[in-house]
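Laid out below as structure tokens are two forms of one and the same protein chain, each shown alone and named structure 1 and structure 2.
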Structure 1
């Protein structure tokens, strides 16, 4: 393998980063990953040259101190260069070699890896329409994943209106994926693409709602995914099968074991 095609900074492990790592493995390219466990990342300098900060560098009068926006609380330390490269200030945050170009949104980072590696982004179709169809699924996936992010981050105090929005987003997205998989072995065409990779990672992350079954029940709600295997057998089966494939399993590890065990 050659030089890394991208550097990714994030909390780790992160299913949004797995999208790129799985793709890098499938395409045979190298991706560099920097980061730490979620609670530790608040004590890091968010930058191309990200690093843990010393205690005396972590203060509210630091020039890098910023109010966190989503998924983190309190102060984060982001350099001006980081915010120039990543205007929304989120992780995963990817950089082209050298750090001048920032690439954000995990699906776009995934696209960048697939473009560098070849083979998973419809490149064999020179008209570009296959790549555009893959983009269509990635966009639909982001709409679902954003709803799932709000839903999962709110699990300490589940709200009916959030649950309702999640259920609607789930039904819409899963019905589309199920439909696509009834006519093909993969989401786009007859071969694996980054549409499959993105689906597997974001959907596996959404299934974590299962860890909050009790909290949901106490608040008078039930799991959105309760009858998923029966309602969307192709979609669930596709995720479970792909997650066992070597390049996926290497990064996803035991992430879905609890779900598999629950079905047995």
Structure 2
């Protein structure tokens, strides 16, 4: 591999970043990742050249000090250049080489890697319709992932209305994936694309709800995914099969082992 096609700054580990790393491995390109565990990221300078800050650099009068608005609490340290490249100020945050161009939202970062590497984004179809179909699944995936994020972040105090929204989003999304997989070996036709990569990573992250089964039961609710393997065998089987493929397993590691053990 040569020079990185993107540099990504994020909290780690992050299934949303796995999408780009898996795609990079499949395409034979390199992606550079900088970051740390979520509690540590507040002590980093958010920048193309992201780095841990020394104690004397972390103060409210720092020119980089910003009030955290989403996902973090307290003060964060973001350069003006970071915010110019990433107007929403979120992570994962990707940069083109040199740092002038920022790419945000995990599926957009995923697309950038696939374009650089070729072969997973419908490039063989000069009409562009295959890429557009892949985009359709990526957009549906994004809606599902947003609901899952809200749902999982609220597990300290599960709310019935959030659980109902998650159940509705889950049924809609999984029914579509199941239908797609009855028509082809992969989500878009008979070849692996970034639609499959995105599905595997985001759906595996959603399944973390299984870690909160007791909290849900105490609140009078059950797992949204309780009968998933029976109800959506193609979708679940697709995720489990691909997650064992070398390029996926290299980054996902043991993330799904608890779920596999539960099914045995």
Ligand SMILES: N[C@@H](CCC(=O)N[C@@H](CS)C(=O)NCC(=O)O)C(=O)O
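Basically, rigid core = biggest C-alpha set you can superpose within 1.5 Å across the two forms. Being a predicted model, the structure only gives us computed values, none of them experimental. Residue numbers count along the first chain shown, from 1.
- Of the two forms shown, the form predicted together with this ligand is structure 1.
- Shown in the overlay between structure 1 and structure 2, fitted on the rigid core, is a CA shift at residue 60 of 2 Å or greater.
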